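Given as structure tokens, the chain that follows is alone and in the form predicted alone.
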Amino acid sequence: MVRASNETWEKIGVYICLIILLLFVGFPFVWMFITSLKPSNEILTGGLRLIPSHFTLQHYYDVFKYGNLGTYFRNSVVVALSTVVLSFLAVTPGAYAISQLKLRGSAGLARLILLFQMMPGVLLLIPLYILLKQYNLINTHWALILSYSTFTIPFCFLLSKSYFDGIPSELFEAAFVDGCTTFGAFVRVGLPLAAPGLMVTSVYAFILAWNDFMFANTFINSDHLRTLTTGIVTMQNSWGVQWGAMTAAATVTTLPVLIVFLIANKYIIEGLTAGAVKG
């Protein structure tokens, strides 16, 4: 009886801690969203009042009509999805080959890739700029896609390899016995079983490409090629920060990430544990 009571109080304590953490993490986003719906005269003069006297969508209208936010949004979608596709095509076959085909030198290659993953992005900023400039890729979306891939591919490779390591090799051997080629076993056995883990790697690549500011601000100069993270900066002018437009644009920037998490939530939970135990 005492033990059951202690467990109940422990659960209550855990829930209280989670609620406090949720409020601490979520309140800035709630404040941002509500601020984007406030009239301009209440944003700076309304004090700390959370709920405005009335809501308005004027800021959203302004950022899409006058702030070029639609173009920034489209550019971010193109760059982020292209990074995901490029990373997937480069990582998945390589992770499968090193994990299941037992290639010579694969362990050393995995350690080398891990070393690349440990390098901070700012160290590669100037070398990447020089390299992209030599190939006339500065001020193009390809500059962003290729630079983002240099950071998504190492991490996605190591993560994907762990998921393929968790697939019993007997399944691939059975596929070979049934007449599958190496590529056929990869497509029919490897990809379906590693799908949750591959979803996690895709989400990681998408978020990294979507949220980047440093490379987008360095490699892109034309306004019609800017992504959301750099486009929002243009809403600051010599007269000050347009907080209504800024929070509206920030809300639009945040929503796709939340939607991706909601859609892929099941696969993310499965993927986080899929490679934890080797079968």
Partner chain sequence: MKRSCRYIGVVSLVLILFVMPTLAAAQVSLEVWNDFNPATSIDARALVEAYREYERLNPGVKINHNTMTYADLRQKAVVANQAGTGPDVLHMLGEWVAEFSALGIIEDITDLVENWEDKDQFPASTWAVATSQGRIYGIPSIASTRALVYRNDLFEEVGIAEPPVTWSDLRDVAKKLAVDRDGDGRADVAGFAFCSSTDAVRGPQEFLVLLWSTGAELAVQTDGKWVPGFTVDQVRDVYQLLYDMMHVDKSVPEYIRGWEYNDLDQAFEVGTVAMCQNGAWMANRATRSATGEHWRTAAVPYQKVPATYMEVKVEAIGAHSANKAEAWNLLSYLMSKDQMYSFTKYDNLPSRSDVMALPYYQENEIWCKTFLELVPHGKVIPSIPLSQVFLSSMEYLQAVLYKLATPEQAAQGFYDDTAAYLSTLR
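Positions refer to the first chain, counted from 1. The structure displayed is predicted, hence computed values, not measured ones. We call the rigid core whatever largest set of C-alpha positions still superposes within 1.5 Å between the two forms.
This protein has a second form, the form predicted in complex with the partner chain, left out of what is shown; the following refers to that one.
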- Query: Is Y60 close enough to the partner chain in the predicted bound form to count, meaning some heavy atom within 4.5 Å?
  - Reply: no
- Message: I'd like to check something about L81: if you look in the predicted bound form, is any of its heavy atoms closer than or equal to 4.5 Å to a heavy atom of the partner chain?
- Response: yes
- Query: For L193, is any heavy atom within 4.5 Å of the partner chain in the predicted bound form, or not?
  - Reply: no
- Interface membership of M199, the partner chain in the predicted bound form, 4.5 Å heavy atom rule: no
- Item | Partner contacts for 108-132, taking the partner chain in the predicted bound form and a 4.5 Å heavy atom cut-off | Y129
- Query: Once everything's superposed on the core, is F213 shifted 2 Å or more at the Cα between the shown form and the other one?
  - Reply: no
- Task: Using a rigid core alignment, state whether the CA of N68 is displaced by 2 Å or more between the shown form and the other one.
- Result: no
